[in-house]
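To begin, one chain is listed below as structure tokens, in the form predicted on its own.
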Amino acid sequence: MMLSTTTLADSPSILQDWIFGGNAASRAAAQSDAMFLAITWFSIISFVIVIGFAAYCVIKYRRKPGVPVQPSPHHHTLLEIIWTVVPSASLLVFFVLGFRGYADKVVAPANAMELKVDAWKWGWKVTYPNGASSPEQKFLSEQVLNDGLVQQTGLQYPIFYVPEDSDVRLRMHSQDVIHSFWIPEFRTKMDVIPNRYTGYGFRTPKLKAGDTVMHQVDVYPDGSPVLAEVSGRDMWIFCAEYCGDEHSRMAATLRVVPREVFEEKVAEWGRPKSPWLLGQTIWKQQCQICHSIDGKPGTGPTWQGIYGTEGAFADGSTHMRDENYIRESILNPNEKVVAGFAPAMPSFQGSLSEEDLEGLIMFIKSPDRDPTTAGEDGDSAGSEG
């Protein structure tokens, strides 16, 4: 029994297109589609045969007036062998093909690029082999207006870049509870759990002529992105394991781009940044879903104007919110829980370096602007706005 995964991936059947949308993004995903369709047709044919034969027997051997009842046989060796061996052999074929498909997903090629995936309530972070991570965000809705400007609305989600037509291996770990990393186009969900690594592999698709995305090519002076339509393909990343209040917002984008674009991006992200810019990047990647910097309420307290002020805490105490408090709150967040908020923040002990901590502290002290550039327009360095 052979399943043509290439055909299913490139030219999906009408049934596959109707059920899956014809969007399988890898050979393993196409194999999953093929297995689903094979089992579906096997079930339909088996149903028709069994029910059809049963209906025939009901009509053929129904009780007729004046005909004596025939004794019912209680054993038929050949018939019992047939109805045991034939279904079992069919299921064995599905088992072998299913196991091969599973192995293709969890065992990546030896030369696959390894990405480290970290999960926490409620976000994702991908670290590349050179230690870089993506600072880019995608709005839920992006539309190019007539004047060329891009209108962006809705929530923001991180963008993780991968090169086209390449093998990728994920090594995943959770900082708090069980999450599940799910990219629908790859037809695979894998639990991300604390205290151990899980993962799987996939081969990214080749880009086609119509595959385009709104790609960040520059930054305006005010920090907003300059976007342009370039070759690429975006795929959603979801958490498929309920993990708390903001579970539905725990999403990201996997962006497949030409290799030269990927290499340029990763090299740029790997360059040294000022501590404030590093802190801003970490906030965008890991903190903004809970902590705003403009005073708006969230799952956690806002960072606007907190540095250098007295804070009230759940145990009735008050403490000065200085550098030591910020550091303690990142590494041991349940030690001092802010009044009015639940102790929902995970510890980032071990996942942030000293450099990362210094950057976050500097950003929290002045979230509205980089102190290293202050003074250029007459403002004093470190202004909090």
Ligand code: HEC
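Since we're looking at a predicted model, the values are computed, not measured. Counting begins at 1, following the sequence as shown.
Beyond the structure shown, there is the form predicted together with ligand HEC, which is absent from this document and is the topic of what follows.
- Heavy atoms within 4.5 Å of ligand HEC in the model of the complex map, among the stretches 70 to 78, 102 to 110, 180 to 188, 300 to 308, onto 300 to 308 alone.
- Screening 289, 126, 257, 239 for any heavy atom within 4.5 Å of ligand HEC in the model of the complex leaves a single hit, 289.
- This chain is drawn without ligand HEC; in the model of the complex, the residue among 160, 276, 120, 157 with a heavy atom within 4.5 Å of it is 120.
- When contacts are judged by a 4.5 Å heavy atom cut-off, residue 36 does not count as touching ligand HEC in the model of the complex.
- By the criterion of a heavy atom within 4.5 Å, residue 26 is excluded from the residues contacting ligand HEC in the model of the complex.
- Taking the partner from elsewhere, residue 44 is found to have every heavy atom lying beyond 4.5 Å of ligand HEC in the model of the complex.
- Although the partner is absent here, residue 329 is a contact residue: one of its heavy atoms lies within 4.5 angstroms of ligand HEC in the model of the complex.
- Across the proposed site, 116, 132 and 138 without exception lack any heavy atom within 4.5 Å of ligand HEC in the model of the complex.
- Residues of 190 to 204 are not found to place any heavy atom within 4.5 Å of ligand HEC in the model of the complex.
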